[in-house]
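One chain comes next, on its own, written out as structure tokens in the form predicted on its own.
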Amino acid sequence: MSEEDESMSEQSNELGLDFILSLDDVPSKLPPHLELFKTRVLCSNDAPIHTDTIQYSGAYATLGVDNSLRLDSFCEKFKVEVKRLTDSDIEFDMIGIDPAIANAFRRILIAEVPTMAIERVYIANNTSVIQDEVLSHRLGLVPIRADPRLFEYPDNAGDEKNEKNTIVFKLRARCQLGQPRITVKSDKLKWLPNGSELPCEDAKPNAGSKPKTFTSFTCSQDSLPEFSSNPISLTYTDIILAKLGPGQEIELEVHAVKGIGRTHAKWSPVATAWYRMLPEVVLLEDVEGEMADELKKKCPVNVFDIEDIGKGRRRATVARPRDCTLCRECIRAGKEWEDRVSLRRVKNHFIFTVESTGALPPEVLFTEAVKILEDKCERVITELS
């Protein structure tokens, strides 16, 4: 086929499609039942159905509906609404995104947002019943309140441990003879802004010179402007580390460095990060009288309420659909209840909950996750260009 024939064929196809779409009988949007299957997960008594997301641009081409993803449409529909914000957790709605993007944010929050955590433990003395390895593991999981954005990764400085990549704490606790057993908590960890105080084992003592330690700080960390107003501390001071009996003692020094949760869970900045699709509860018919009372009693999370509609009549209403956990108790009594109540999930509406360990505020954690995802996208574009 010649180029002229090909161009004529393309023009005829375009004109034919425009002609078809201009006909009155051709729908410009999806029928209600297909729109429902596309945007909702339907939860029956047995299992959820229509759980897949239809991404193929030509999925509804025979109906004349364009299913392709357009940037202008995405920008118009995408929204983030904060529902609850405290010092330790945040709940927000992310509307207009694909489940893959929502899951990407969750995985980045858990495994790729950096924090500071204890990596090296130098034990000078430990006569307690807890083994050195177990004590070191417990210390590594103690969350540290320090902004990781102010520190460098330890690999960037080679083997040098300086004020830009290391935080040093010391712990010394002793139970005196004749005294009752004591509990050693994380408040015994004291920040050393000037660096390590333990001399290196391979260091040769020189008369009149300061012994070489495990760090090489050029200045005190508390003299830096970023730490003078916001000193480094522990998120929780009541974490139990060990218990000492009379005569037992622990003396050690710990070094915290920057890392990510993918390497070890101690660097994960969140206690948990999870999401769920927005529940949608629809009454397909009026539920009145004793059936309304029965429906209200069925729900363990109190989604339904009873309203007075006059003349002694009462009707069930959906008062708190967001609280629905899709336990399906309201539709388990038989098919007649499935015909009255429809349980759904909105496919592109996600309720995110992020609980911070305290290194960074929860809203900052999500902002950092967005930046990391943006960097990943830029790297992909660079590699493809």
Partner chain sequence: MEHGSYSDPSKATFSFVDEDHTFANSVRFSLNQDPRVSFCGYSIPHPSDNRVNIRIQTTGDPAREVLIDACQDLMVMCQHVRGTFDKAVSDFKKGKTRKGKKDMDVE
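Positions refer to the first chain, counted from 1. Since the model is a prediction, treat every value here as computed from it, not as a measurement.
Not pictured, yet referred to below: the form predicted in complex with the partner chain.
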message: Contact with the partner chain in the model of the complex for Arg149, defined as at least one heavy atom pair within 4.5 Å: yes or no?
response: no
message: in the model of the complex, does Phe74 come within 4.5 Å of the partner chain, counting heavy atoms only?
response: yes
Contact flag, Thr39 vs the partner chain in the model of the complex, heavy atom cut 4.5 Å: no
message: Can you tell me whether Asn67 touches the partner chain? I mean in the model of the complex, with a 4.5 angstroms heavy atom cut-off.
response: yes
- request: Given that the partner is absent here, state which listed stretch (215-223, 107-115, 299-307, 173-181) has heavy atoms within 4.5 Å of the partner chain in the model of the complex.
  value: 107-115
- prompt: Judged by heavy atoms and a 4.5 Å cut-off, are Tyr56, Lys83 and Cys377 together in contact with the partner chain in the model of the complex?
  reply: yes
The single option of Asp98, Glu280, Glu249, Glu119 touching the partner chain in the model of the complex, heavy atom within 4.5 Å: Asp98
- request: Identify, from the list Ile144, Ile90, Val287, Val254, the residue with a heavy atom within 4.5 Å of the partner chain in the model of the complex.
  value: Ile90
message: Need the contact residues for 327-350: heavy atom within 4.5 Å of the partner chain in the model of the complex, sequence order, or none if there are none.
response: none
